[in-house]
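Just one chain is shown here, as structure tokens, and it is the form predicted on its own.
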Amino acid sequence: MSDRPLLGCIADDFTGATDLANNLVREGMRTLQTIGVPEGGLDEPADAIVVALKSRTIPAAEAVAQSLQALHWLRERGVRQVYFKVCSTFDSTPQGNIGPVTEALLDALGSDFTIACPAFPANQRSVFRGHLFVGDLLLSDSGMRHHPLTPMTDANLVRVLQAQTRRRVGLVPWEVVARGPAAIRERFEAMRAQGIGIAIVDAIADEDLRRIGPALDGMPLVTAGSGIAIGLPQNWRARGLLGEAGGADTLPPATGARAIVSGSCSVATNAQVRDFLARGGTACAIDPLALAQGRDLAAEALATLVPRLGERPVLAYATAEPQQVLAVQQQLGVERAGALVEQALARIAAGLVESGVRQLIVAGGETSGAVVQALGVRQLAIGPQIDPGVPWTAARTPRAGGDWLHLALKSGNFGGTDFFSDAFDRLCS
């Protein structure tokens, strides 16, 4: 067993960080997630550290600077491999930030080659012939084409990433992956000899991820979604640096009231909000146009929700259909609309925790970032999985008066229709 962290991860948003941490914990790695780059050390020992940044949609130069700061901190902790975690739908603008951050990390590590693989078949994300599929749909035909910040209209990942980087981007096709780790490594070496610096790697089943994992042994930088993580722990286990899987997901018992804060406008989260409302749950909708007019909807929501805290969860949401989102953005602008909603939901979450909520679900990457910052959460212990890609976590925060706060930070696209009810049942079971 190693007495230092083995894997150091840099995630470009908060829900993506918990998604990655969830997979590592399920494979037997004690994992700690930090919110931003810590000023000091770790609260608990860990086999893997995931530094959660909010860098997916900020200017590329800022994303690079934050990522390099995280890399410096992780290397000071002695990590043996670095993992740049990107979204499983490869969310990015034509300028980045996946390409620019990957390049900067490669340069800082003195490396000339990495992969880029967002595949997570268990969560309906697969890559074939270099094209990303969401379920049975090409990424460009999925709900991601309407994403308010990073609309994804091209499913060809080689083409998407090549537009963001100076390095040549190539493809490891599924036929090579299916032949196993030795064939994958051989392909990597051939690509490097051709001057290719980043390889998109096909994967259509979790077995493919476990084949890819051994081929990444010793690679300084891995760029991927969370799925690739299931294939990495076996490398350290084979060297005797990691114990057998089991017991890495234990959290303290859950107490207190339950609440949900949802800022995601994804297809999945829209369905989850509709399901909550159909079950008769208490909810408050947050209207960005009303916020822009000066209404204090955070205070109004707290006045409605706090008295209803008790046996059933309550919900504050800005989730809306794509046409509504577009109409708001046309009036307010994308950045202002997003900022208004994030600030309001973060205030609501903080007020709910101060009023006794100790089990909190947050839907949406940007919303999760705003909420954990408002709560003053600095480190998260990673617990059991709710749905693929979404674990429960536990944290200490002054807002909870010294109690443990259980948090589920859900990517907008993840989870079944009944996620909001199922999640609390799983925590208390």
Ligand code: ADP
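Think of the rigid core as the biggest set of C-alphas that the two forms share within 1.5 Å after superposition. For clarity, every value in this text was computed on a predicted model and none was experimentally measured. In case it trips you up, residue 1 is the first one in the sequence shown, and so on.
Below, we turn to the form predicted in complex with this ligand, even though it does not appear here.
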Handout entry: this ligand contact at Q33 in the predicted complex, heavy atom, 4.5 Å
Key = no
Problem - Any non-hydrogen atom of G412 within 4.5 angstroms of this ligand in the predicted complex - result: yes
Practice task
Determine whether any heavy atom of P391 comes within 4.5 Å of a heavy atom of this ligand in the predicted complex, and answer yes or no.
Solution key: no
Practice task
Report whether the minimum heavy atom distance between E342 and this ligand in the predicted complex is within 4.5 Å.
Solution key: yes
Handout entry: Per-stretch contact check against this ligand in the predicted complex, the hit in 165-173, 261-269, 276-284, 178-186 (non-hydrogen atom, 4.5 angstroms)
Key = 261-269
Exercise for the section: Would you kindly say which of V353, V201, I98, A318 lies with a heavy atom within 4.5 Å of this ligand in the predicted complex? Expected result: A318
Practice task
Counting non-hydrogen atoms within 4.5 angstroms of this ligand in the predicted complex, say which of V222, L297, A346, A337 makes the cut.
Solution key: A337
Problem - Site test, G227, I230 and A248 vs this ligand in the predicted complex, non-hydrogen atom cutoff 4.5 Å - result: no
Practice task
Scan 285-308 and write down, in order along the chain, each residue with a heavy atom lying within 4.5 Å of this ligand in the predicted complex.
Solution key: P288
Problem - Core superposition between this form and the one not shown, C-alpha change of T367 at least 2 Å - result: yes
Exercise for the section: Determine, after fitting the two forms on their core, whether V328 shows a C-alpha shift of 2 Å or more between this form and the one not shown. Expected result: yes
Exercise for the section: Please say whether, between this form and the one not shown, the C-alpha of N270 moves by 2 Å or more once the core is aligned. Expected result: yes
